[in-house]
Every structure is written in structure tokens, then in C-alpha cells.
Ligand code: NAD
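Below, in C-alpha cells: the form predicted on its own, a single chain.
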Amino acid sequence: MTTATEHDALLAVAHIAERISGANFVDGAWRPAASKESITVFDPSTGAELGEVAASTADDVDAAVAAARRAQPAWAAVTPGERSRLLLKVATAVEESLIELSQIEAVDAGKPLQVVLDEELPGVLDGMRFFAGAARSLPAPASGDYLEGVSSVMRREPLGVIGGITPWNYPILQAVAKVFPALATGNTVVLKPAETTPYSTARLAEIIGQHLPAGVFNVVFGTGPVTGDALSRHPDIAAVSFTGSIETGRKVGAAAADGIKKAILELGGNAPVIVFDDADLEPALDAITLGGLYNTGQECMAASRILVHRSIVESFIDGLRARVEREKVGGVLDPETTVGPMNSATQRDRVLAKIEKRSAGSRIVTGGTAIEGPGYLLAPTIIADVEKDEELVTEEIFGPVFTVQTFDTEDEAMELANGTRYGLAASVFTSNVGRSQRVQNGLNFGTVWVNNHLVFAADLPVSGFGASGVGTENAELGLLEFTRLKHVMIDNR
């Protein structure tokens, strides 16, 4: 039997799917795409078809970029205070549509509805309001007379038209992290959402379009190799902001470099979680379980690669197993679900293939298999005794999987933690203040948590070291990514 909540959520998705079928959001309205090809979108909880979106071509990207370019000078001329006021109106409208947007995001991306409604979208709202306000007072070097007879004035200016490419694991959150700082600083935007999760971004576009001038924000649907590539290469795009895998990020970065434009790349992660023998184990286990299973582990900062002091490893594994096996895996509209489906059959099969290729000496403590029934469900998994050089350890898993390694000394823990090409996030659990200071100083990751994991907010920066990215998202530094500094020198003699 379908509940009222399930009916409302599926109806909300059906309505937006119908409105955007075969169209892109360009110049303030849904307009038919030049391409007649389409991409089918599926419900991760059931495998059922949700609808189709346009498989846009370079011509569709041209139309969206042209609209954004026409709108940009007038939008840049709007005062920061007025841009802030308009963006705050968008945030209020989003808050008024919070239930509907949460329903669409949950069904589309495969996330438990209550988690989206209670945790994720309130954070997104906070981000909208932060960016809207923070752009009113951007920093710059002080103006002054640095040369005799010459006054120097520093100006922060928008870059122009920004291309955004968002991932399927956080459709709205990542859209806001790119769109709002870009708009707040006077840029216009053309955004391409992931192929499997178009609908919450589409609804967001409608809301933005009700409050901002036509052409300021545009959305083009399509594939990465065609639509994303055309957006990254477009000569009228001033910068590209991309979140996704390292492999795709390389292609985006290369395409942007070919046009001598800026690329902001937030790429994959493989976060080490170091648990010392003096850690307060119960709260540590709680934080690690949440950090590894949030969004079904489809999180670039997930607490998936765990390094535990040998003296406590069995107690740690027992505690983690007990917590993992209490989780309820199921469809996103079931109020009892705590771990939803994988986003797609492809992603589920990719994770299962990694588990299958595990080293001979490793052991599955729990999980390790798909769950029979509708949707793309995968049992939360713990794999112990893994080797430091096997794929499960060296590469991002992006699923509800924990690997457990042991160490004996602090130096060994640091070597294992830093033994990766990724540098996005890490965490350390210890009650020793001196050790926590030494370890966090030595970890080569852009974000390090001490006695916690997966905690962030819009006013805190996210930066990837190593192969995990270039540039910064969120916070004041994230706003500055979408600006250029102009130095004006005035002869005052």
C-alpha cells in the first residue's frame, strides 16, 4: 500500500519530470532542447523509470551560455546589497518549498527522506544565506599610495559567465555551493547536473527563475562527455567549477586549460580514520558509523578507510559491527530507513566488484552483498585485514563499506594515512592532546577532524590537497574563487 507521503513524493517528482522533459532552463524559462536525444532517469529505491531529460548537445550549451552572457553585465551592475536581497528572497522561497524539494531530492538521489528534510536541506538553506550576505563585504588589499605620486585602488570584480558541473551524490547542496557564491559576486551561471539526478536541480532553477532576472541562472541537462565537455571548452565561459571523480576532473581541467580559463575542481577522497588506543571508543564508533554510512557512503569524505591500533582492533570491530547491523537498509520513503539505496545499478555493481577483488587474506566481517528486492540496495559492509596496496584501500570506494587496517606506532599510522594520492579529508581519534596536534599537523589533507568526522558548514572551507582538487569551496575563500582582482593606479600629481 502506498502511503500519503510516498504518493506526495512521487507526485512531486512526476510533475517536475513532466515539465522539463526534452527541455533546458534557459533565459528564465523551460525551452525545448535542440537535441532530440534523451536520458532515462531511474528511481534508486525501486529501479522504476522516473522520466527522461534532454541529452543536450554543444548547440544547447551555446544557447544557455549566450543567455548568461547577455544577462551578466546588468547583473554585475546590481549593487552587492541588492543582489544579496534577491538571493535571500530565493532562500525564503526554497524554505517555503522545503518539503517538496526534500521529496524530490530523496527520490531522485536515493536518500532517506527524513535525513534530507531534517539535516541536509536546512544546511543548504544556511549556505544560501551565508553566500548572499558574505559577498557584500569582500576583502582586498588596502588601497594606498604605494608609489610616489600614484594612488592604488583595488577592486574585486566578477569573472563573467561560470560553468558549473555537479555530482549525483549531493545535487542541491553542490548546486548551491557553486551557484550562490558565483551569483552573489556578480557572475551568471550555466549549470549541468549529473545525468541520474536532474530533478531537484530543475525545481531549484524554477524557484531561482521566479526571483532573479532571466538569463542569470541557466540549467542544461546532458552527459559529461558531450554536454559537460562543451561547457568546459566554451570560449565564453570564464571559469568552470566541477565536483566529481579525479578521472573526469582531469578532463574538465584539460578542457578549461585549453581555453585559458580557471578550473575549480573538488575531486575524490579516500579519508583515513586513525583510531588510537587511548580514544574514547563509544563516541568514536558512533561518529565513524555515521561518517561512513551517511548517504550510503556515497560521500567523498566518508569514513571508510579505518586505521586502528592493534591493541583495540577486535573491540573496535565488534562495536562497529554491532552498530552497522542495527541500520535499516531500504527505500527512501520508508520512515524506518537509515541507509538508502545506491544511486544507480552501475554504482552498486562497481562497489560489489571492488569487494569481490579484495585480497585473499582479508575477511568480510558483515555485509558484502547486494540485498535482494527492488532498487539498488547494498548491505553495509566491514572488511578487516585488508592490505595497504589493494584497491579497496588505495582507491575511493564510494559505497557503504568500511575497511580496517591495524598499526602499532604513531609513525606507522601516519605512513598508512598519507599513503594515498587523495588529500581531501581525514580524522584522528585520541584523548592525547599532544598526539592530536602532531598527527593533524602531519596529515596531508585539506580537512582534518579530531574526535569527529564529516562535520562541515557553508562558512568553513573545503579544499583538496594532492589529486583531490584545485581551489576552495565554501567560506570566504570560496566566494573569492569567482572574482578577479583589478589594480587601478591613478596619477595624483
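This is a predicted model, so every value here is computed, not measured. One rule holds for the numbers: they count along the sequence shown, beginning at 1.
The next section is about a form of this same protein that is not shown, the form predicted together with the ligand.
Candidate site formed by Gly163, Gly186 and His234: none of these residues places a non-hydrogen atom within 4.5 angstroms of the ligand in the predicted bound form. Though the partner is left out of this view, Arg358 does not reach within 4.5 Å of the ligand in the predicted bound form, counting heavy atoms only. With a 4.5 Å cutoff on heavy atoms, Phe398 counts as touching the ligand in the predicted bound form. Within this chain, Thr79 is remote from the site of the ligand in the predicted bound form, having no heavy atom within 4.5 Å. Within 4.5 Å of any heavy atom of the ligand in the predicted bound form lies no heavy atom of Glu327. Of the candidate stretches 91-99, 268-276, 110-118, 387-395, only 268-276 has residues with heavy atoms within 4.5 Å of the ligand in the predicted bound form.
Contact annotation: of the candidates Ala33, Val439, Leu424, Val65, the single residue with a non-hydrogen atom within 4.5 angstroms of the ligand in the predicted bound form is Leu424. Residue-level contacts in the predicted bound form: of Pro380, Gly127, Gly228, Pro158, one residue has a heavy atom within 4.5 Å of the ligand, and it is Gly228. Residues of 229-248 placing a heavy atom within 4.5 Å of the ligand in the predicted bound form, in sequence order: Asp229, Ser232, Phe242, Thr243, Gly244, Ser245, Thr248.
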